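Encoded as structure tokens, the following chain is the form predicted alone, with no partner shown.
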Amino acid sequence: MTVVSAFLVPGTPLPLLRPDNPPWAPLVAGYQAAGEALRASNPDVLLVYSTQWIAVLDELWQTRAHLTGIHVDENWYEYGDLPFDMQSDVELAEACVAGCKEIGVSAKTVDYDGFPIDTGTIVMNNFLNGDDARPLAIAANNVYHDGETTARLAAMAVETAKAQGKTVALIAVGGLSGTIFRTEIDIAEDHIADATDEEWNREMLRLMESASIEHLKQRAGDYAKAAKVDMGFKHLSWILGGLGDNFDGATVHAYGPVYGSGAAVVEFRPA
């Protein structure tokens, strides 16, 4: 089995920067549970797609061997800095660029000092990888790619890892409903901003838990539009594509609000 574990996780920095805030504490605990599950699966590499690494012209893959620095989130800068230190699986990322061309997707590598690593990847790495320092193969979110293309990219990346004899943890970084509070709130009273968003979020999480894959795929488009889901929910396509549209259910380790929007930590069980 190439994919030994798979996770959909939020990329917001708020639970990482303020783990003491009661509405965000469940997400911290959920992330910690997912981290334990990832370590137990013992992957060779983390195959990562983050909605927050935006690409426009090409599909980008990170090939800088050692990524380190301090990042300041463009939205939540007042909550603190985000230091990062991570390793890239250069061999796998470069092979994925070649694999992109084989499936008709234009792709390039990114390899220069000081490249602005996105918040979502940093948050995920802190929670799930931490001091383990497992290498990452990081793919960008090209805004012109639809869900189908994103799924094909994930499937190609998994097959490329398989060809190299590597096991992977498949990770999609992105949020759920996108309605946020646009005025300052008391973060201790944070909640899902829209009742309809809440209904949609819970329905989709139930479908993941029950492995209702066809129904999940059918509802994803309507959900993305109705609940203003982060990047049209393409991060789910990354998971489904990498798993070959086949998994044995999911565990929702956490679900909750982040300044009104929805966030969840979900672990999928590969078939």
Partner chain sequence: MADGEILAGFLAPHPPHLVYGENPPQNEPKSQGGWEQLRWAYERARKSLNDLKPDVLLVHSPHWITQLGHHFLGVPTLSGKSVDPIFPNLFRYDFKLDVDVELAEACCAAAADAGLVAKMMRNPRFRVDYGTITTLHMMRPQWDIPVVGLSANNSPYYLTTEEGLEEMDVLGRATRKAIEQTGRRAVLLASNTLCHYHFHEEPDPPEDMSREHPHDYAGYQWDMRMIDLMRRGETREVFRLLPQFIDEAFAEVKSGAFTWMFAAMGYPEIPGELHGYGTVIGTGNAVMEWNLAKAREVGRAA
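Numbering follows the first chain given and starts at 1. The structure presented is a predicted model; accordingly, all values stated were derived computationally and were not measured.
We do not show the form predicted in complex with its partner chain, though everything after this point is about it.
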- One stretch from 67-75, 124-132, 154-162, 91-99 that, in the predicted bound form, holds residues within 4.5 Å of its partner chain by heavy atom: 67-75
- Heavy atom within 4.5 Å of its partner chain in the predicted bound form, from candidates H215, K228, R39, R202, belongs to K228
- Query: Can you check whether R182 is within 4.5 Å of its partner chain in the predicted bound form, heavy atom basis?
  - Reply: yes
- Taking heavy atoms only, is E148 within 4.5 angstroms of its partner chain in the predicted bound form? no
- Item | Heavy atom of L60 within 4.5 Å of its partner chain in the predicted bound form | yes
- At the 4.5 Å heavy atom threshold, is P83 in contact with its partner chain in the predicted bound form? no
- Taking its partner chain in the predicted bound form, which residues along 247-265 bring a heavy atom to within 4.5 Å of it? Y259
